[in-house]
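Here you get one chain, nothing else, as structure tokens; it is the form predicted alone.
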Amino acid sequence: MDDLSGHLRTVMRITFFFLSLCFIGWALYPEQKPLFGGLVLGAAASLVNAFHLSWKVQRIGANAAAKGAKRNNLGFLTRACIGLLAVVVATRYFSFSVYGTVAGLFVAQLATLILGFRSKGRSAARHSSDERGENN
């Protein structure tokens, strides 16, 4: 990834758009409040996980550039605990749906995946094999 902060900013915008759709759904369908509340809480935790992973990747990159000690830990346990904390808060304090919360945990990751595919497709279209005139 050449532009990690740009991709993260786009993931943040997509997640905020998803959150706004969830809040609209919460307002229009009050009987589905547990589901939409779980989606909101899960998407917020997903965004926190995306920011945490970005921070860790930047730290590892800076450490590798500075020829520091080799440390290849991306903090899976921390990100798993953030997801578990979201589920516990959703069920214990707000009575939100566990299924909605778990589904919301995938929002930022799906946005990242879609952006990666889109970015890969655009770079492949720009860099064709006959760029230097070899196939003429």
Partner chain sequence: MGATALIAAAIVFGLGALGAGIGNGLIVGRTVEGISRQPELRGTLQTTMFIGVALVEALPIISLVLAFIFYGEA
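Positions refer to the first chain, counted from 1. A quick note: this is a predicted structure, and the numbers were derived from the prediction, not measured.
Keep in mind that the form predicted together with the partner chain is not shown, yet the notes after this line are about it.
If you check the partner chain in the predicted bound form, you find no heavy atom from any of 22, 44 and 89 within 4.5 Å. Although the partner is absent here, residue 50 lies within 4.5 Å of the partner chain in the predicted bound form, judged by heavy atoms. Under a 4.5 angstroms non-hydrogen atom cutoff, the partner chain in the predicted bound form lacks residue 15 among its neighbouring residues. When contacts are judged by a 4.5 Å heavy atom cut-off, residue 32 does not count as touching the partner chain in the predicted bound form. Interface residue remark: residue 121 is not counted as part of the site for the partner chain in the predicted bound form, having no heavy atom within 4.5 Å. Contact annotation for 86-110: residues with any non-hydrogen atom within 4.5 angstroms of the partner chain in the predicted bound form are 87, 98, 102, 105, 106, 109, listed in sequence order.
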